[in-house]
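Next up is one chain by itself, shown in structure tokens, the form predicted alone.
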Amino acid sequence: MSYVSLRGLTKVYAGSDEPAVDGLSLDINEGEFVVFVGPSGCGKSTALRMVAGLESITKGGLHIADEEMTNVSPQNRDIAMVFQNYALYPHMSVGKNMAYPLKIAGVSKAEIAERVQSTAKVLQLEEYLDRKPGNLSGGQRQRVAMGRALIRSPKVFLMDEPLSNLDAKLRVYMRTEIARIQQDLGITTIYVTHDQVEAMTMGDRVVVLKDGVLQQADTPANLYSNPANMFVAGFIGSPAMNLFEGSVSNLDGEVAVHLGPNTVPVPAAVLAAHPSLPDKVGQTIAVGVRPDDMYDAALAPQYEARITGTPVLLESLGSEIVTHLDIGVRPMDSTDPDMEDLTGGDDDAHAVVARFSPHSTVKQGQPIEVSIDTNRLHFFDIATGNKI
């Protein structure tokens, strides 16, 4: 049974014709870590604030632990929220900042002291309890903000872009810390971020939003390997999935897709997973290939499907060579409402991206054979954007 239930949550602001959140329905299990992710303006923070009670619900319902919460005031929802700016009291010590919610609630001094110590231990803040926030690092201040929220043992823990003010290295450290703390405490958590890497590395499930509408809610692995539509396919993954128009044909009884001058056969196992693909023969569809599934053919002879491309840009990262290739077909942009290319005629306009082994001898401007793992092809309906 779900612990938090969003039932058609809708938010329409005064003076707006378009909902900021449109019919969001989602069931969250007790102890689950769910991440809302999407581009700016997709409605993820608005949805979180509706759960918190900081935004009114225009339409729909909210249940927490089997209790109707749609019109319950924020202080009576038994939730705790952490914002990106920490909102700590600068004149109070770490210990007093953490204790403040319990003091306001009338908890005894003895219990407050015990809970401050136990929470500080979980957050590894024991040695900082007497310091002021101004004497702490960004990561330490973030942990204090978490401690002040967690000390109340809320039913639901909400986090809105909590790492956005930290530098890149500290963000990596803090996201592992937050995941560890959530697992240790087992508190049902909803976490909002615009960073899909954060979402994929932290969440038990990831909820992808676009224009206020839920696109897909799934495990990180399933989002990556089985995106429900072109938007999810292009949004999840770094570098993003390559998407291009391709025509479907039947060659001597075998289905193939044509990407510009390149022909790629579709294996029987893939057809079994996409049974409606043969119905698209003679039609144009969107074909997706992740950069991870494209290889320097000289180093990956096990993949028989080959296309030819000319490298227009190489990014050597030590562990891999991110290779931008012109394969004679212009890639699509899944984030564009009309699924149109947004490259604007740049030199890299026809480039698709592959992640080559660092042992590749690829050279810029010199044509190269590229192998494709055809078992991991993706197909989408261009008109709807949905997976075929």
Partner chain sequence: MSETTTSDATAAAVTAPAVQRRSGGIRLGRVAAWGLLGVFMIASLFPVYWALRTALSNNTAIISDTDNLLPPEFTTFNFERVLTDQSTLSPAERADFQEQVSEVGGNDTNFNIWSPIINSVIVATVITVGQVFFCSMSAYAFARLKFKGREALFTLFLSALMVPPIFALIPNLLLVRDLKLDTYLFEIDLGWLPWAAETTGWTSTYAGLAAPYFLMTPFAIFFLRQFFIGISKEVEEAAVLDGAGHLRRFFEVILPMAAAPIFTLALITYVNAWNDFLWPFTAGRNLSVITVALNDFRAQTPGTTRPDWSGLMTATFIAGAPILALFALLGRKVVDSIQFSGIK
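Positions refer to the first chain, counted from 1. The term rigid core refers to the most C-alpha atoms you can superpose between the two forms while keeping them within 1.5 Å. Predicted model, so just to flag it, every value in this text is computed and none were measured.
If you look for the form predicted in complex with its partner chain, you will not find it shown, but the lines that follow are about it.
**Q** Out of 70-78, 111-119, 184-192, 245-253, where are the residues with a heavy atom within 4.5 Å of its partner chain in the model of the complex?
**A** Comparing against its partner chain in the model of the complex, the contact stretch is 70-78.
**Q** Work out which of T263, N229, T308, Q84 lies within 4.5 Å of its partner chain in the model of the complex, going by heavy atoms.
**A** It is Q84.
**Q** Which residue, L88, L259, A240, A179, is the contact with its partner chain in the model of the complex, using a 4.5 Å heavy atom cutoff?
**A** Contact with its partner chain in the model of the complex is made by L88 alone.
**Q** Verify the contact flag for R143: yes if a non-hydrogen atom of it lies within 4.5 Å of a non-hydrogen atom of its partner chain in the model of the complex, no if not.
**A** Answer no; every heavy atom of R143 is more than 4.5 Å from its partner chain in the model of the complex.
**Q** Please tell me whether any heavy atom belonging to Y100 falls inside 4.5 Å of a heavy atom of its partner chain, as the geometry stands in the model of the complex.
**A** Y100 belongs to the contact set for its partner chain.
**Q** Give a yes/no on whether L26 approaches its partner chain to within 4.5 Å in the model of the complex, heavy atoms considered.
**A** It does not: once its partner chain is placed as it appears in the model of the complex, L26 has no heavy atom within 4.5 Å of it.
**Q** Is there a non-hydrogen atom of L54 within 4.5 angstroms of a non-hydrogen atom of its partner chain in the model of the complex?
**A** L54: contacts its partner chain in the model of the complex.
**Q** Would all three of A268, R330 and R376 be in contact with its partner chain in the model of the complex, where contact means some heavy atom lies within 4.5 Å?
**A** No: none of A268, R330 and R376 comes within 4.5 Å of its partner chain in the model of the complex.
**Q** Align on the rigid core first; then say whether the Cα of S164 has moved by at least 2 Å between the shown form and the other one.
**A** Comparing the forms between the shown form and the other one, which are aligned on their rigid core, S164 does not shift its C-alpha by 2 Å or more.
**Q** Superpose the two forms on their rigid core, then report whether the C-alpha of S238 is displaced by 2 angstroms or more between the shown form and the other one.
**A** The answer is no, as the C-alpha of S238 shifts between the shown form and the other one by less than 2 Å after core alignment.
**Q** Rigid core aligned, does the Cα position of A228 differ by 2 Å or more between the shown form and the other one?
**A** No.
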